[in-house]
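Just the one chain here, the form predicted alone, laid out as structure tokens.
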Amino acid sequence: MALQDYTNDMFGCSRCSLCKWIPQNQVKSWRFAKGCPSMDRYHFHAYSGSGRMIMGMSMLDGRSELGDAVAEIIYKCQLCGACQVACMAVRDDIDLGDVLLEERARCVEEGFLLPEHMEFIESMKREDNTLGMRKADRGNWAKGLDIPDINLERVEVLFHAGCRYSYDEDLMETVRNAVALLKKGGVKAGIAGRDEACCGGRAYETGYQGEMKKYADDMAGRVKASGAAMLVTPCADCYYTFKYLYPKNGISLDVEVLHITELADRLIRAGTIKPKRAVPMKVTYHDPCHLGRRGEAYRGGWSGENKLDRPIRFKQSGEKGVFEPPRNIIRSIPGIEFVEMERIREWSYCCGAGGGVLEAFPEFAGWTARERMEEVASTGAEALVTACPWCVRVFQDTIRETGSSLKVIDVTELLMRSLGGK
């Protein structure tokens, strides 16, 4: 689809500004009532979901042109989905999130490109990852794990680590813990190792929609060749790409797609793994945008002009994302004191790293992370638990810059501590 295909969505925006906030019935305090980091940071209507709808409509009508200033506003957005779910809370005939994606595609089509985005697109073309690292080193994180190579044998489960986990040395222990967790649960999982490639989601989100297609085709072929009936990833971005972006673009992997927290929760409830060791710690949980409100499976199959007629089963409200499995895991661990922040589940505040913002606007990403960390501090928690490597990365960087004593822990790492791991 293209931007003009969402004309009714943009024209239908009532400029109510509710996209800037979490819904009133979810507000616990004025301090943590805002939902859109972009609007929260830049304080001008153009930076809101509604403002970007107005810009899109104005460009289509020929009342304004796409220029550098407009493109910068379009790109200064984490695509976190907060505006989408806030809009859906009061009306359900607007697909705001898809409009934002198409505005970025328009930027790329017309040559309004950010050098930082071009850099990781070139990295994807050269080395099949977004981080500028060597493809030959992609499987190094798994050295010594004795995990099946899908290029040599068929497996029940294909484990996809993702770019960040494959190359970020600070996070490699987390992905190794995820594999150890599967082994403890008796899950026969295999990896593609050096042949694993980027999911392509970050390219799509920054407007390079065509780039994702070849990675999706590659992934579909790899899944089929592996013989797997299940695809598991610890990366929230990859999960969103597999569950939403691929089917939205007519690409099916023909397997069950699970985030590692969903599978771990199943194993705990089945009694296959049993957290026993106490982990005495007060923690709170941060819902990653791509796992939570944006982690809903794509609901295609409906067509029509008036989206008010669209049945609820086709609407992306954000409420059917992955929220309970990580919390179930945390609650299953002896010794944990679990407290919630004010903005949680589909109303969660973004970490700041998504949508190409971390690469192109690191100051904005850090600002957003600091805002979220203030909410963490308000709970009295000593550790922030989450389930996304990009969230962990930006929070850890911000902690280092601010000198905070807060700990950031991936939920699988926390579970492994209770299971007797590191």
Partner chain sequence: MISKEAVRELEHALGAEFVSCEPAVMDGYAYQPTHAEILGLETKWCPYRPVAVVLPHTTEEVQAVVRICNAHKLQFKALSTGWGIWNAPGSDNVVQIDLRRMDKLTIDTKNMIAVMEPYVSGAQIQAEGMKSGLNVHMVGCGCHASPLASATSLMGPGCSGITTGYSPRNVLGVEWVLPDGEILRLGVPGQGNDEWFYGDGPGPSLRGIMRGTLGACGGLGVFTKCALKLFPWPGPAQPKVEGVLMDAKVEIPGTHSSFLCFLPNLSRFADAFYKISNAEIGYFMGKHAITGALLAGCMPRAYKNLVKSETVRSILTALQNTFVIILCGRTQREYDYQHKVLKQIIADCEGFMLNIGHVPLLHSMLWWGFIRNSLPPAIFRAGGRFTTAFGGFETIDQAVFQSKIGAVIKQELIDSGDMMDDLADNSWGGLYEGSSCLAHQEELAIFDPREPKQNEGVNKYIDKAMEASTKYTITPGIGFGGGGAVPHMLGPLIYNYHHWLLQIKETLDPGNSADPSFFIAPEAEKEKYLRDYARRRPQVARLVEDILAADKKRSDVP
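This one's a predicted model, so the numbers in the text were calculated from it and none came from an experiment. Residue numbers count along the first chain shown, from 1.
Another form, the form predicted together with the partner chain, is not on view; read the next lines as being about it.
Residue 309 is the only one of 72, 309, 109, 337 with a heavy atom lying within 4.5 Å of the partner chain in the predicted complex. Think of it this way: in the predicted complex, the partner chain has a heavy atom of just one of 93, 195, 173, 127 within 4.5 Å, and the residue is 93.
No member of the trio 322, 373 and 383 reaches the partner chain in the predicted complex with any non-hydrogen atom inside 4.5 Å. The closest heavy atom approach of residue 287 to the partner chain in the predicted complex falls outside 4.5 Å. Heavy atoms of residue 400 never reach within 4.5 Å of the partner chain in the predicted complex, leaving it off the interface. Taking non-hydrogen atoms only, residue 4 never approaches the partner chain to within 4.5 angstroms in the predicted complex. Within 4.5 Å of any heavy atom of the partner chain in the predicted complex lies no heavy atom of residue 404. With the partner chain omitted here, the record of contacts in the predicted complex names 341-349 of 270-278, 211-219, 137-145, 341-349, defined by a heavy atom within 4.5 Å.
Looking at 9-38, the residues that come within 4.5 Å of the partner chain in the predicted complex, counting any heavy atom, are 10, 11, 12, 13, 14, 15, 16, 17, 18, 20, 21, 23, 24, 25, 26, 27, 28, 29, 30, 31, 33, 34.
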